[in-house]
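Below sits a lone chain in structure tokens, taken as the form predicted on its own.
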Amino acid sequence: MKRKIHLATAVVALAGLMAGAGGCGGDGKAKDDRPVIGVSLLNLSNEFIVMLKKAMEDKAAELNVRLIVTDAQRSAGRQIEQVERFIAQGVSAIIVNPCEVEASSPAVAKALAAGVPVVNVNSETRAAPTAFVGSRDEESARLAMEYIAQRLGGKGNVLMMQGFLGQAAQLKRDAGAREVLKNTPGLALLAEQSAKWDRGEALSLMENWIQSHGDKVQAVFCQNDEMAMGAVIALEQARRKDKVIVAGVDAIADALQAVRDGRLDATVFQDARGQGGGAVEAAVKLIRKQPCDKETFIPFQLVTKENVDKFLKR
């Protein structure tokens, strides 16, 4: 009886290993002979990353490749573990949506050392991947902060909500915003703090800022729309939104509707479909040994009430 139990346990364990491999053979192909691409995403509780995932899945279906999608939940350590599993499973290529510039770099380095091509999407690592598909994050911050400067006539007090510290988007959007602040001496940065790309954290932070700075606050630049929506809600609850300009980045559905309704002043459109689909296209080219651009940058676009309907239709 004991031997039968042990045999059953072994069968279950083997089945688990095969399931963990996602049906991927040692040649990097699925059981149906399609190439398999491992994908490690930053955080699937973020709406923009969900849009990125949908775009990847659509493009994978179009190009007849299979994705194994994992959620790093903002942990660079977890992202490294996911990439190590992809390497062990023998995937044909890996797409990384990095959690951090430095801490996620070993994930890219390990894959390249194992001979697996890597495409970074949306965000960067210090370790250079085989290809990169994304946008220039400095540009998004410049567009948003220049909009704020224009609305304020080049003079006023601004708050800045940072994203998750150490991630490429946070670092570069910070740099882009500071460039505009430097070139517009009439703008003063009252305070800055990370709300970790999160709506709830942003709401709490904005409540604290309202208490600390009161009527001095004239504008808020939030490095993504989740934080911008949190800031808007806090300002609305304090009955101060009509006195404060708020701009975000990403053009997620909530933000676009808020711009149309006059609640959010502006957002900056980041093309999730272009980035996600482009990353899968790049990975497939690398798998097939076809020419592939080392870097692909997709432009940002400012969204205000005047042009929001065009983006709502996308």
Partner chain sequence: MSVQTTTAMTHPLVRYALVLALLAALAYSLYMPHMTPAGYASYMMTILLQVSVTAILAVGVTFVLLTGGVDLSLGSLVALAGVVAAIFARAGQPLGVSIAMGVLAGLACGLVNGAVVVFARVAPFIATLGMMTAARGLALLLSGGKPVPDLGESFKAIAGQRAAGVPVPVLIVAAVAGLAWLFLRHSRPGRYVYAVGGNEEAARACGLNVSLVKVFVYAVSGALAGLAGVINASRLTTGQPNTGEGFELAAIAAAVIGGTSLSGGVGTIGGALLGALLMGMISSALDMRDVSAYYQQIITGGIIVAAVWLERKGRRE
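Since the model is a prediction, treat every value here as computed from it, not as a measurement. Positions refer to the first chain, counted from 1. For clarity, a rigid core is taken as the largest C-alpha set superposing within 1.5 Å between two forms.
The protein also exists as the form predicted in complex with its partner chain; that form is not presented, and the subsequent description refers to it.
Colleague: Spot the stretch among 185-193, 129-137, 142-150, 101-109 with residues whose non-hydrogen atoms come within 4.5 Å of its partner chain in the predicted bound form.
Modeller: Of the stretches listed, the one contacting the partner is 185-193.
Colleague: Which of Ile80, Leu203, Ala168, Met160 has a heavy atom within 4.5 Å of its partner chain in the predicted bound form?
Modeller: Only one listed residue qualifies here, and that residue is Leu203.
Colleague: With the cut-off set at 4.5 Å between non-hydrogen atoms, does Asn208 touch its partner chain in the predicted bound form?
Modeller: Judged by the heavy-atom cut-off of 4.5 Å, Asn208 is in contact with its partner chain in the predicted bound form.
Colleague: Check whether His213 has any heavy atom within 4.5 Å of a heavy atom of its partner chain in the predicted bound form, and answer yes or no.
Modeller: Contact check for His213: yes, within 4.5 Å of its partner chain in the predicted bound form.
Colleague: Can you check whether Ile233 is within 4.5 Å of its partner chain in the predicted bound form, heavy atom basis?
Modeller: So Ile233 counts as contacting its partner chain.
Colleague: Although the partner isn't part of this model, could you tell me whether Glu226 comes within 4.5 Å of its partner chain in the predicted bound form, counting any heavy atom of the residue?
Modeller: Contact with its partner chain, yes.
Colleague: Does the distance between the two CA positions of Glu84 reach 2 Å or more between the shown form and the other one, the core being superposed?
Modeller: False for Glu84: its C-alpha shift is below 2 Å.
Colleague: Once the core is aligned, does Phe132 move its Cα by at least 2 Å between the shown form and the other one?
Modeller: Comparing the forms between the shown form and the other one, which are aligned on their rigid core, Phe132 does not shift its C-alpha by 2 Å or more.
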